[in-house]
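First comes one chain, alone, set out as C-alpha cells in the form predicted alone.
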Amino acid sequence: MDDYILDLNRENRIGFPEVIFWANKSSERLRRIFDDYEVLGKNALATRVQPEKAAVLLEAYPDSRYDDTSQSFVLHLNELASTKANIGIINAGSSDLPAVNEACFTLNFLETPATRINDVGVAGIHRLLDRLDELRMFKILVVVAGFEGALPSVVGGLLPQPIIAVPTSVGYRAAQSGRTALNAMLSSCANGIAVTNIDNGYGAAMAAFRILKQTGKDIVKQ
C-alpha cells in the first residue's frame, strides 16, 4: 500500500498544483511519486532533492532537469518568454542563488515567466540604481538577500510594486544563519513588504503567483 496520497485536486481547489518537499523522502518513494505523475501525463516539481537522489531520478527520467544549486528537480522544464515576465527576482549577490533558483524553478513549473536581476546588493548600490527603470516594468518583485538583509528595504523605498522579501542564510556569525536578515526584513521601515521564511525561494514564488492571478494580470505562456 502506498504511503502517500497525491493531491490531484489542488489546482482546481486553489489554482496551482501540488509541489513535493523532498528532503526526507527516500529515492524509492520519490520514484513512485514521479511514476504516478508520468502515468497521469502531468508535470511535477520537487524541492530540496539531495544530489544522490537526483542522480537516480535523472537516470529514470532523461528529459527531466535538476538544479544542484537550489536542489530543485522538475520532470519537464517549460520554455517561457522571459521578455514578457511580470515578476522580477532580484538578488543581492551570487551567494543568494539557491533561493533565487528555487523561485525560478517554481515559477517555471507554474508556466509563469520571471526575469532575474543578479548582484545588485547594497554594497554596490549604484548597480541597483542603474537598473531602476528596468525594475519598474515588473508587476511584482521578489527580493533575495542575506547578511543584514537591507536590500528589500532599499527597493521598497524606491519602487511601488508588491515586494516579497526572502532572507537567506548567507553571512558571518552575527548573521545567525539568516535570522539577522529575517529580523531586519520583518522590522523594515519600507511600507508593506511581505517576508518569507529563511531561504524560502519556493514560498516567495508561490506568493508572487497568487498575487499575479488575483490582480488579473495575464500569466504569459510561450
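Predicted, not measured: the structure shown is a model, and the values here were computed from it. One-based numbering along the sequence shown.
One more form of this protein should be noted, the form predicted together with another copy of the chain, which is absent from this view; the next part is about it.
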Query raised in the report: Honest question, do Gln50, Arg65 and Gly88 all end up within 4.5 Å of another copy of the chain in the predicted bound form by heavy atom distance?
Result: no
Query raised in the report: Is there a heavy atom of Leu77 no more than 4.5 Å from a heavy atom of another copy of the chain in the predicted bound form?
Result: no
Report task. Using the partner position in the predicted bound form, report whether Ala81 sits within 4.5 Å of another copy of the chain, counting heavy atoms only. Result -> no
Query raised in the report: With the partner left out of view, is Asn43 within 4.5 angstroms of another copy of the chain in the predicted bound form by any non-hydrogen atom?
Result: no
Query raised in the report: Should Cys189 be counted as a contact of another copy of the chain in the predicted bound form, where contact means heavy atoms within 4.5 Å?
Result: yes
**Report entry** Sequence-ordered residues of 188-202 touching another copy of the chain in the predicted bound form, heavy atom within 4.5 Å
**Finding:** Ser188, Cys189, Ala190, Asn191, Gly192, Ile193, Ala194, Val195, Thr196, Asn197, Ile198, Asp199, Asn200, Tyr202
